[in-house]
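A single chain, nothing else alongside it, follows as structure tokens in the form predicted alone.
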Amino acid sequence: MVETLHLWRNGRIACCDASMTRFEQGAILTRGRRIEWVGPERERPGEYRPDESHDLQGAWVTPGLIDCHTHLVFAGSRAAEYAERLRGRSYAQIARAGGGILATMRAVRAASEQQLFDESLPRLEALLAEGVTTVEIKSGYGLTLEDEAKMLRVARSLAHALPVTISTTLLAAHALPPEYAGRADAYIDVIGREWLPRLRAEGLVDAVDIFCDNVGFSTEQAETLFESAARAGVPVKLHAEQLSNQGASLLAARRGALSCDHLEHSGTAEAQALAAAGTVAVLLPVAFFCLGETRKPPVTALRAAGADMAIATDCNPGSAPGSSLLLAMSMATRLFGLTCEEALAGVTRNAARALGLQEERGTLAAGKAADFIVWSIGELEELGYWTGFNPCRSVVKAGRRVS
């Protein structure tokens, strides 16, 4: 079968590679689901004779955006807890009183698979409308084998419902379920020994994550789970240093984790370790904002060390109730001090690395997936500048215009 060759011409192309290459008068050739060639339009090789041509009318084009940390599949809301935090109760206090993650656990356990799908679909639609073509979705609100599997199946089914690539992460070690009260080591053991191999065999798990903090699990327990992941051949990620410093970032670096996420309570040593290991530092400014935190991730230290920084929504019902990656970009620049260029790299090239997808996605280059966004903006710096306005003009996914 001969695949159709499409020419997307007269665009201002931002490749989002390591050099942040731009072509002011650029073009992209796509064949089927992949990019065949990208570069200045005047240098388009003559041997390419496109079957169809699309005039981008001088618009800016970037890779499809990547939201590399979400808890997008859940049921219900925790708006009442948000109101409690406004009255002065902390996230940790609410969690220790049986709220927080355990409140969503009860809602997810009570929900059918169809109900979970129906509640989650609009959140994914909102991301797609903003130009997000790849999304990571974590489990972690079921906390039984059956309910974690239910969440992961819904995540997989969302990828069939919308033109979005979904990467799934097993986050069963998100909180200690009531059935294992006082037996955290036994819970970590059952996740690694029974749940992970079974869910991996069912094709439901792309990575493993653990919430390592003073209201979560210890570094020793994280190490145990990572050993199980290594035996199963599954890459690891880590929620680290959000509320306290338990040494989780250093563990993540030592174990070659794909990413280490949150990082508000980390510092120079952690930044240097992550950079040396090639572990992506994922910044989650929406959670920082919604929790009213004041301690920021060590962006200056991460920048100085040469660490890759990504940005994600952390979409979840407790600490980050939102599904706008463009807003997260804006918050990362204003609250954390990222430059516009760093923010764009953080939702493209570096976000792909945080998911282990850098060979396929995150930049515009020959051989990569033909996922790209056409923007109604005059300057590239407008991405991460607007709030409450969506400048996404068109989404091309796998070489096909889907919006």
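We number the residues from 1 along the sequence you see. Every value quoted in this text rests on a predicted model; they were computed, and no experiment measured them.
Keep in mind that the form predicted together with a small molecule is missing from the display, and what follows is about it.
- Of the residues given (317, 192, 131, 298), 317 alone sits with a heavy atom within 4.5 Å of the small molecule in the predicted bound form.
- For the candidate set 155, 101, 302, 229, a heavy atom within 4.5 Å of the small molecule in the predicted bound form is found for exactly one residue, namely 101.
- Although the partner is absent from this view, residue 262 contacts the small molecule in the predicted bound form, with a non-hydrogen atom inside 4.5 angstroms.
- Using a 4.5 angstroms threshold between heavy atoms, residue 242 counts as touching the small molecule in the predicted bound form.
- Of the heavy atoms in residue 187, none are within 4.5 Å of the small molecule in the predicted bound form.
- With a 4.5 Å cutoff on heavy atoms, residue 217 does not count as touching the small molecule in the predicted bound form; it lies far away.
- Taken together, the three residues 71, 91 and 211 all lie with some non-hydrogen atom within 4.5 angstroms of the small molecule in the predicted bound form.
- Exactly one of the stretches 230-238, 318-326, 192-200, 268-276 approaches the small molecule in the predicted bound form with heavy atoms within 4.5 Å, and it is 318-326.
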